[in-house]
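A single chain, nothing else alongside it, follows as structure tokens in the form predicted on its own.
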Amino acid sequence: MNMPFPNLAPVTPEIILSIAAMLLLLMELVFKNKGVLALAGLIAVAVTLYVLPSSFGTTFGGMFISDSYSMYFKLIFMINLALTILLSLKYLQREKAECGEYYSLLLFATTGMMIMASARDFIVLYLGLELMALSTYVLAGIKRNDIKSNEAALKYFLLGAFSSALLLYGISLLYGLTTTTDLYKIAAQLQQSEVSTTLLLSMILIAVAFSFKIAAAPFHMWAPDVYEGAPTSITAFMSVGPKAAGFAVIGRVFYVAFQNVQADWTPILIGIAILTMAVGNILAIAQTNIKRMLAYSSIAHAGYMLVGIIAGTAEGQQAMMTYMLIYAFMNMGAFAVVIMLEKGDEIKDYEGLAKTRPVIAALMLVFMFSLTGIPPTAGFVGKFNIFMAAINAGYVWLVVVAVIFSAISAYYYLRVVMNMYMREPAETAAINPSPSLGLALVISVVMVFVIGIIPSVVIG
């Protein structure tokens, strides 16, 4: 019997993760610790991906590619998933939101992200996008009895559906121009044709659709409400995973399919990047809820990463990828501290924390410093690489703008530090420690310092 796709080795990690997600739904009836099973599935995927050399290559007629670029982003997705599971084990018990589908949806969402990173064709890209998006819509509203969680899920769903429609419009226009959805064939077709209004409209629609996914302004309006309303563990997951998947796709689409029309898409991304840094950093100043503040912070960081894409060089792309990995550790660490505190959603809840919980305050200090970009933390390395790549590409003025907004960001990050160290505590902060949460914090803080002091572990 001749199989239509005899070589499925490159897609084996995604198959394993999908099977693990489906098995988790069945295992809910038998096993209590479903998070441990999810971690076991993740370990199996990691072994397949990084130990078996056969996982490299293309399949499905060249529509799916497993290469070093996708492997790097899959590492970020797996770190994000592992840390989210560690954050969730005790948190779900506390919130009385334990359900088997929670971990299955996390695995399905991660599978979608991995498919997006490996997409060499717009059809596969869209399939991965929808698998990721539909899973995260449900995860945002997993606390069904919480009206804020319901509101977050509904807003995310409506705006996410809108962005998916825009992406499909952009792809259909591009298909009409080039008669293909393969990224490399599109690049070959565009090399032989002139830039038309239809092509520009297609690029704008695709850029707007991905801007929704990475929460870039002015398409960021869902992020603050969804980050605040969703369970904190899901907020942490969404702040890294979908953003990394969005940048993986932006990198491949704009550097491969639209490589020959770089002069036309660069001004579009420059406008989005400047507006994103402005909106994220300026509106974060007015926030009193730390999850909303971190949402605007996430928007601002998307602007910095876009600077790497705008550079249009291999150095810029690598700087964006390095920044995304660093961002995963520092952001997950910050959310881990928020989860550990029983009352940790408001910035005023951190008043005097250094006097009552000095270790937790010190951890939060590290993550706030890293998000600001202060050495010797990893955040400084990430920003330095992005800015140097843009300067080497000739965008000195854009780097000056980014540095000014980065200086503004110090105000709202260091305001949390000021509350912890320079205010008197109203009461002793109640905490909910657990071994899994402690492990997530240790991993995050160690990696923030290791990358900050020895950048060569992730650069090059």
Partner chain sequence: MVPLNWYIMLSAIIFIIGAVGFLIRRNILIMLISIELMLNSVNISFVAFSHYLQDLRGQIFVFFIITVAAAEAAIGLAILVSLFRNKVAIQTDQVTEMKG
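Numbering follows the first chain given and starts at 1. Quick caveat: nothing in here was measured; it's all calculated off a predicted structure.
Below: the form predicted in complex with its partner chain, not depicted.
Novice: Of the options Glu130, Glu101, Glu315, Asp264, which one has a non-hydrogen atom that comes within 4.5 Å of its partner chain in the model of the complex?
Specialist: Contact with its partner chain in the model of the complex is made by Glu130 alone.
Novice: Could you spot which one of Arg292, Arg252, Arg357, Lys383 gets a heavy atom to within 4.5 Å of its partner chain in the model of the complex?
Specialist: The residue from Arg292, Arg252, Arg357, Lys383 that makes the contact is Arg292.
Novice: Are all three of Phe122, Asp146 and Gly176 close to its partner chain in the model of the complex, meaning a heavy atom of each within 4.5 Å?
Specialist: Each of the three qualifies.
Novice: Does at least one non-hydrogen atom of Met203 fall within 4.5 angstroms of its partner chain in the model of the complex?
Specialist: The answer is no: Met203 has no heavy atom within 4.5 Å of its partner chain.
Novice: Taking heavy atoms and a 4.5 Å cut-off, does Tyr137 contact its partner chain in the model of the complex?
Specialist: Yes - in the model of the complex, heavy atoms of Tyr137 and its partner chain come within 4.5 Å of each other.
Novice: So in the model of the complex, is its partner chain close enough to Ala362 to count as touching (4.5 Å, heavy atoms)?
Specialist: So Ala362 does not count as contacting its partner chain.
Novice: Does the 4.5 Å heavy atom contact test between Thr322 and its partner chain in the model of the complex come out positive?
Specialist: Thr322 lies outside the contact set for its partner chain.
Novice: With the partner removed from view, which of 177-185, 368-376, 78-86, 384-392 is the stretch that lies within 4.5 Å of its partner chain in the model of the complex, judged by heavy atom distances?
Specialist: Selected stretch: 177-185.
Novice: Taking its partner chain in the model of the complex, which residues along 141-169 bring a heavy atom to within 4.5 Å of it?
Specialist: Read in sequence order, the residues that approach its partner chain (within 4.5 Å, in the model of the complex) are Arg144, Asn145, Asp146, Ile147, Lys148, Asn150, Glu151, Ala152, Ala153, Leu154, Lys155, Phe157, Leu158, Leu159, Ala161, Phe162, Ser164, Ala165, Leu166, Leu168, Tyr169.
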